[in-house]
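Before any questions on binding or motion, here is one chain by itself as structure tokens, the form predicted on its own.
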């Protein structure tokens, strides 16, 4: 490490939504922070995000995740205000509630059972989601197709602009005195006395603590600090329409109207490795499903499509952990970078600043995969 490289309290590897939210939270906690970012040449899920701040249906198979997600949604109004104040960029967050459409009575009954389980998971905290029938839906969302038989609705759901969130986080990091280094892909993480040194193409950087928030890159970086982070890629594709008058007053699990007036549609889950290619057959299926739900969409022009690669653990839930062999080395992994941004900045980052994760996050440790195998 060159002598003119100043050390930071914490090095954050990764400048996407997860790393940037943690870095922002660390700065708010009074730490000095250096963000080492590979840049947009990376397989960055943050640039392809749908933008939901979503609670309903999450955590059915891990109730700690249901509580964590709901907690993050509750933090989002404060988080959005702080971000606009500190970084000068409003993330276009709104919380009108959210809808999950059901196209069959069988799916509606499955959703009803799932919500019952989730209602029992929050230990006294009101879960909030409920089943609504077609008549109630028509009052909320006029113009639905005949195939929609009902839906679940949650007042805790909302949406934001992922791109404005990303810009806002980076702006706030700079305003808070954080250091951002672009084109600095982490090549090696090593112990350096009581701290860590990260070697990159831009040189070596030292910090007392290090946070791995490099998305898919965490899988390869983690062993250097004594961690195992089993991750898998999953592609999702998105359609964006032309700008239109206000048409959809609240987000749904497959479509939302942005502040600019475009409508984003997408809900694919594809096992295609690390490919982010957009494919016409999947785009066509996404469009057909959307038009079944909301026929007026069939009249709109498509202006963009893209694919992005989700960062998923083997069970789809986050991995948060500190290394047992390398104190001060943390790994942060999740695919809900927008939904969890509030929790990452205002709940998780203060734990890292204190030097240890709270026991409430124990369920998210990778030890839960000790008897599983990656695929």
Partner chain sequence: MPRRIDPEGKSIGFTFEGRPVAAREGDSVAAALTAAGLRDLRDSAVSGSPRGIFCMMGACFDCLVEIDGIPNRQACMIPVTEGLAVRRQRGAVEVRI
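As the structure is a prediction and not an experimental result, all values here were calculated from the model. Positions refer to the first chain, counted from 1.
The form predicted in complex with its partner chain exists for this protein as well; it is not shown, and the discussion that follows is about that form.
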>> Which residue, 269, 304, 288, 116, is the contact with its partner chain in the model of the complex, using a 4.5 Å heavy atom cutoff?
In response: 304
> Looking at 299, 275, 120, 284, which is the one with a non-hydrogen atom within 4.5 Å of its partner chain in the model of the complex?
Replying inline: 299
> Might residue 294 be said to contact its partner chain in the model of the complex, defining contact as any heavy atom within 4.5 Å?
Replying inline: yes
> With the partner left out of view, is residue 183 within 4.5 angstroms of its partner chain in the model of the complex by any non-hydrogen atom?
Replying inline: no
> Is residue 193 close enough to touch its partner chain in the model of the complex, meaning at least one heavy atom pair within 4.5 Å?
Replying inline: no
> Taking 4.5 angstroms as the cut-off for heavy atoms, does residue 131 touch its partner chain in the model of the complex?
Replying inline: no
>> Given a 4.5 Å cut-off on heavy atoms, tell me which of 217 to 225, 140 to 148, 193 to 201, 78 to 86 is the interface stretch with its partner chain in the model of the complex.
In response: 140 to 148
> Can you tell me which residues in 227 to 245 come within 4.5 angstroms of its partner chain in the model of the complex, by heavy atoms?
Replying inline: 242, 243, 244, 245
